[in-house]
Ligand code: NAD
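The data below hold one chain only, encoded as structure tokens and taken in the form predicted on its own.
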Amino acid sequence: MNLQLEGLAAAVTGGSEGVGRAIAEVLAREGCDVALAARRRDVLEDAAHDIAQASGRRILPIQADLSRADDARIFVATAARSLGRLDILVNNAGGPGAHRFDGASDEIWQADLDVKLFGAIRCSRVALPYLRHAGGSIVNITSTGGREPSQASVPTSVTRAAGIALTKAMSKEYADAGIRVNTVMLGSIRSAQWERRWEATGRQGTLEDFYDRAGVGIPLGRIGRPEEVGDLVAFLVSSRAAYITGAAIAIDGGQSNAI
């Protein structure tokens, strides 16, 4: 299927590794120039170099801490100016942050909200004028925990629920401008976080064995792959998904119970 993304420009936060990097790789492979934001310059620049080499597209690394309002503004504005346009924004910044309610301080709550929710709000605010001109698209990366919070899942489950609501509200507000806004809700996806869990076990067995064990109980029988998230995002921002907005799509192998 030709997604017709050739020549478009995308900005991806949290784009140096894991799901964010996979999204950037797929978009570049489909013909997009991509700006990447992350906090660690070395990892960010390595990712940009590798994606550019593999795709032949322009990949722009921009060091940014999305918990800071100025960084969010500068990232999006620099991406649009340097790439000459902005058609796609993927708000992906932020890792897991799961605690018991009585173990989560104000500082923990604020840090999670600043990166995941306010990072998306601030980047979207700056991107809107460019997207309005392009008839562009926003994808917010959230999680199935935003719909089905588990025990000891704050603040991330609450922040992700807010991200899902933000998606629906924005989709209604900007539909008449031709801007589509959707969210992809992650289940269990291979990532550096999972690798750290494996290392915390003392590396018992191989990493693949660890992933196999983690897949038990998931209806499809396995952990998801980052590139599968990238493929879904690429479809959602393409003209093939022109009638999809305000959608919250779970990519979790059938694990969640919500419809």
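Computed from a prediction, not measured in an experiment: that's the story for all the values here. Residue numbers run from 1 along the displayed sequence.
As for the form predicted in complex with nicotinamide-adenine-dinucleotide (NAD), it is not shown, yet the points below apply to it.
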{"property": "Heavy atom of each of Ala38, Asp65 and Ile141 within 4.5 Å of nicotinamide-adenine-dinucleotide (NAD) in the model of the complex", "result": "yes"}
{"property": "Interface membership of Gly163, nicotinamide-adenine-dinucleotide (NAD) in the model of the complex, 4.5 Å heavy atom rule", "result": "no"}
{"property": "Partner contact for Gln193 in the model of the complex: nicotinamide-adenine-dinucleotide (NAD), 4.5 angstroms, heavy atom", "result": "yes"}
{"property": "Close approach of Ile189 to nicotinamide-adenine-dinucleotide (NAD) in the model of the complex, 4.5 Å, heavy atom", "result": "yes"}
{"property": "Touches nicotinamide-adenine-dinucleotide (NAD) in the model of the complex: Ala9 (any heavy atom, 4.5 Å)", "result": "no"}
{"property": "Listed range touching nicotinamide-adenine-dinucleotide (NAD), judged in the model of the complex by heavy atoms within 4.5 Å, from 168-176, 88-96, 125-133, 75-83", "result": "88-96"}
{"property": "Contact set, 1-38 vs nicotinamide-adenine-dinucleotide (NAD) in the model of the complex - heavy atom within 4.5 angstroms", "result": "Gly14, Gly15, Ser16, Glu17, Gly18, Val19, Gly20, Ala37, Ala38"}
